[in-house]
Every structure is written in structure tokens, then in C-alpha cells.
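Single chain ahead, written as C-alpha cells, the form predicted on its own.
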Amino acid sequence: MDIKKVRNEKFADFLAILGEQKLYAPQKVGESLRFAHVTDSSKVELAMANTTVPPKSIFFPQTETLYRYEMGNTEIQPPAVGEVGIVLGVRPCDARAQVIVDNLFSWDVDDPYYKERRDKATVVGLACNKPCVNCFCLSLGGDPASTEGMDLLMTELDDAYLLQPLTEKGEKLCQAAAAVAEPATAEDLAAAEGLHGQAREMITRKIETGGIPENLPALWENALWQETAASCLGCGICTYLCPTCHCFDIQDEVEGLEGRRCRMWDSCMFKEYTLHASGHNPRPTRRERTRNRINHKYSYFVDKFNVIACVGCGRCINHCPVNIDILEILAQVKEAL
């Protein structure tokens, strides 16, 4: 597949071409940066290293209707998912995270809502030239220029964006953009590789994960869980903003003779998450819930799908209101093993 480039002065035209399909890209929504439908290309924000809310919200919406129903009608009314289109500016860690989440939603039964969105999406990634200070993707098998889970990888050069198609979907995008793109030169490719190498050197936070998945359950009663959870507020932001967290609740909402069954994000850090109807709660305090969160990502998920459910994006560190640091927790785990 031929690698192209779009010069900066033609990038707005490139966005216009992509906008002929439904286009999602990072934009400022309220106080946060998140992926949203593009109606004004001038609001697309690609300069930030990562969005506040990961692009999982496109494939696994925070709230979605599974179907509607009404009294006296035996037929349920599933919603039409519709065309997802192009998701532009996905960072390598987030694209890889979606591949990890695919395991869960196509495990014993395919989730039709999730799968349809994934199948209908074209993922256009953006290499990280300047990773965040708390990024540690290299420790989890990722890379600032990883292509896993992408259809096309963009790399920002000084005067252009390099377009590297990776799948047939990515190749079709390059063909559609032929009027504003031009062939990349050997100098362009060398410049991109140099930027990728510099980005790797900027990632200084690291953890050696060897031994953690198989030995973590042995620390079940270790004091580190109480120490870690002591400052936790139980707000759940670490899970809501995590690109691999996928817990959800299902509820029925009824008004008059009509209702809907809906799915919405949930969090294992909430007390209500494991609260039984009897009043019993197997995870009654934040100690048990913190222990479960780390064990799930670094042990249980590995046992089930042979991959750690963390990509080192650093969001849980960046946005924790009390500065809990997952790398510090993992360092304590390594010390206790």
C-alpha cells in the first residue's frame, strides 16, 4: 500500500473529504476533550496528546438504548445503530485498547450493538510525537507509533501529515483523498521514523509486568490494598476514563405504557456495583474494590484472554482527584511478590 502525505495547507480540504462520511474526531466538549461528531472542522483538536474521554465512547456509548417496548405489543423495537463512519485522531494506545475490549464483546456471544459499530468504523490513528508525562505504553507492549487496531496511521511532520494505509479501509481513504494527497518521499518516511524514535525516548515511566499476572492473586490479604485505598474517594473516574474498562449496568426505564431497556457504563469502584438484593456486599469497602480493579486488569483478564487489560495511557493517573498512581501500586505489587 502506497504511503501518502497531505500538506498542512490542504489538511482542511482533507477533513472536508472525510466529512463526506460521518466523521468523529477530538473536540472540546464542555471542559473535556472527547471524540464527537464533526460539524465544524475548525473545532477538530489534534494537538493534545490524548483526549479526556477515550474513543471507546463511539463503540460502547456511555448510555445506549438496547430496545423499546410498549404495553400490549409483543414485538420489541431494537434501534438502528446506523453508519458510524470515520474515527479520526485515535492515539495508538486507544486503538490497541479497543482491540483488547473486542475480546470481551465477542467472547461467548457477539454483542450485536458493539460489533456493528466496530464493523462500520474506519479508524484513523495519529502517532504520538509527544507522549504525556504519565504514559507508559512501552511497558504493556504498545508503542507511540503502534498500528494495532488501525486502518490508517497518520504521523504529523513539520509541514504535512503522513498517511500510512494499513487495511483496505485505509487504502480507500487514501484513494478518496487523492485530490489533496501526494506520494510520500523517502525523506518523509525517515522523518516519521525519527519522530517515532524520539517519542519512545520521551517515555520514562515504566514497569516490568513479568510475574504480576500469575502471582497477583497471592497478595489477596496484603496490606498494600488497604494502604492504596486509604485515599480513594470511590468516584470511579479511573474506570470511566479507562479505554479498556467495559463494565455496564442494564436498566428498564418506563413512562406510561412505553419503556426502554438501556445499557450504561458502570464501575467496579462503586459500592452498588456488587451490592446484593439481600443487602450483602462481597466488596464492602474501597480496599476490596481497589484490589479487584488491579486484579481484574493484571490477572483475571490475562487468564481469560491472554492480554493485560491496560495500555498505559495514563488517564487514571492524570485525572485521579487524589493522585493515586497505578504505576506506584504496581511497584508495590512487584516489591511484595
Partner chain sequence: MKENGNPYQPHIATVEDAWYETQGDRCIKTFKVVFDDEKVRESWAHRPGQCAMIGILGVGESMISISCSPTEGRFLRFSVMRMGKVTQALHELEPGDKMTVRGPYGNSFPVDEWKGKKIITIGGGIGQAPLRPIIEYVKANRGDYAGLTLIYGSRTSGDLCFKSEFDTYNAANDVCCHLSIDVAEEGWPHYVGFVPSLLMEVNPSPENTIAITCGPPIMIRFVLENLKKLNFADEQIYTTLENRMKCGFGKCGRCNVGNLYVCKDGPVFSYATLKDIPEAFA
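Positions refer to the first chain, counted from 1. By rigid core we mean the largest C-alpha set that fits within 1.5 Å across both forms. If you're wondering where the values come from, they're calculated on a predicted model, not measured in any experiment.
This protein has a second form, the form predicted in complex with the partner chain, left out of what is shown; the following refers to that one.
Heavy atoms of R261 reach within 4.5 Å of the partner chain in the model of the complex, making it an interface residue. In the model of the complex, at least one heavy atom of I76 sits within 4.5 Å of the partner chain.
Within 4.5 Å of some heavy atom of the partner chain in the model of the complex lies at least one heavy atom of M71. The closest non-hydrogen atom of A223 lies beyond 4.5 Å of the partner chain in the model of the complex.
Using a 4.5 Å cut-off to the partner chain in the model of the complex, each of C247, A277 and R283 places a heavy atom inside that distance. None of D143, E148, D111, D188 but one reaches within 4.5 angstroms of the partner chain in the model of the complex through a heavy atom, and that residue is D111. Checking 262-270, 166-174, 120-128, 148-156 against the partner chain in the model of the complex, the stretch whose residues place heavy atoms within 4.5 Å of it is 262-270. If you take 300-327 and check each residue for a heavy atom within 4.5 Å of the partner chain in the model of the complex, you get Y300, D303, K304, in sequence order. A movement of the C-alpha atom of L257 reaching 2 angstroms or beyond is seen between the shown form and the other one when the two forms are aligned on their rigid core.
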